[in-house]
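Just one chain follows, in the form predicted alone, and it is written as structure tokens.
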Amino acid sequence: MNAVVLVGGFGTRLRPLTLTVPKQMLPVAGATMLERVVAHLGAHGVDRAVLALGYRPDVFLDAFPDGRCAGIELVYAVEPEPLDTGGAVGFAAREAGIDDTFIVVNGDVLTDLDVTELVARHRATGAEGTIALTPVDDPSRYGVVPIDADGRVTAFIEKPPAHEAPSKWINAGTYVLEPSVLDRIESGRRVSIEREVFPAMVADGTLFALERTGRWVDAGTPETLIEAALAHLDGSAGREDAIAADATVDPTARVESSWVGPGATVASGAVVEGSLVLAGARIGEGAVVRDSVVGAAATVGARATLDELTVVGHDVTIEPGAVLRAARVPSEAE
């Protein structure tokens, strides 16, 4: 079974962390986002993952020089230009020579979806495409997907105003597709699978969906990246905090509901709550990091305070005593 993994985006919502590192290569409590996505696919019978690459493909190639990730064979399909979601799927599938039923996943979605069940439902209905749906409180950021009693999709409404959404069941970013879908994707131009391909399939009555609850995190923002990491602490969701084996946390420091990465240090009297401290970062004496992300090899000076989803980029230094709330360092203007 082949899977196309969409990892070509710029990760703008996670800047400055993604200025040099694609978001799928950011750590989620000890393993990269991509490794967690691919490992989940492998557990459901996928043996080849085609990475639809765009932004910084070199980072992926350098990270997996043997062409394998989580025990799964990787194929690299580097877009010559941004092709949007449908264009990326078409380009990657053709580059990999896919000619049978295949899976597509968004590389920034972490889920416990039973992909095996999704594939079985797809085959049982004879669908051209089957998409997983998940319920959310606010569907306005996503594609809302109403279905009939047989599971056939009756509409595909991309990012409707919340008060106009016909349901709270949204496109969860995992699809099972037949190769005939590739004929619907014109080569060499930007094609949105959500706005062009799926609505055309709805019109033809060939798109089905499966509604399932469960863990589902779109880890494309600082808030949801933290949420995803905390759900994977030490490989289980039951832990309140996790500290990498070679990290150093002073006995007088307090770490709660957080991840402290490899080689990181948390000095005396410091407090880290609901946050991610990435590899090699340094939290100074008496500093407070709350609901924030500190990039790899960054330094937070003594008695500095980071709060309200502040994001500090890699290799950045925060001066002692600084107070930052909902900040991005460096900012877009720098």
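None of these values were measured; they are calculated from a predicted model. Residues carry their position along the shown sequence, with the first being 1.
The same protein also has a form predicted in complex with a small molecule, omitted here; what follows describes it.
Figure note: of the listed segments 205 to 213, 250 to 258, 113 to 121, 165 to 173, the one touching the small molecule in the predicted complex, with heavy atoms no more than 4.5 Å away, is 165 to 173. Only one of Ala244, Val109, Ala127, Val153 lies close to the small molecule in the predicted complex, with a heavy atom inside 4.5 Å, and it is Val109. Checked against the small molecule in the predicted complex, the candidates Ala228, Ile147, Leu83, Met201 yield a single residue with a heavy atom inside 4.5 Å, and that residue is Leu83. The small molecule is not drawn, but in the predicted complex it has a heavy atom within 4.5 Å of Arg13. The closest non-hydrogen atom of Gly313 lies beyond 4.5 Å of the small molecule in the predicted complex.
At a distance threshold of 4.5 angstroms between non-hydrogen atoms, Val329 is out of contact with the small molecule in the predicted complex. In the predicted complex, the small molecule lies within 4.5 Å of some heavy atom of Glu79.
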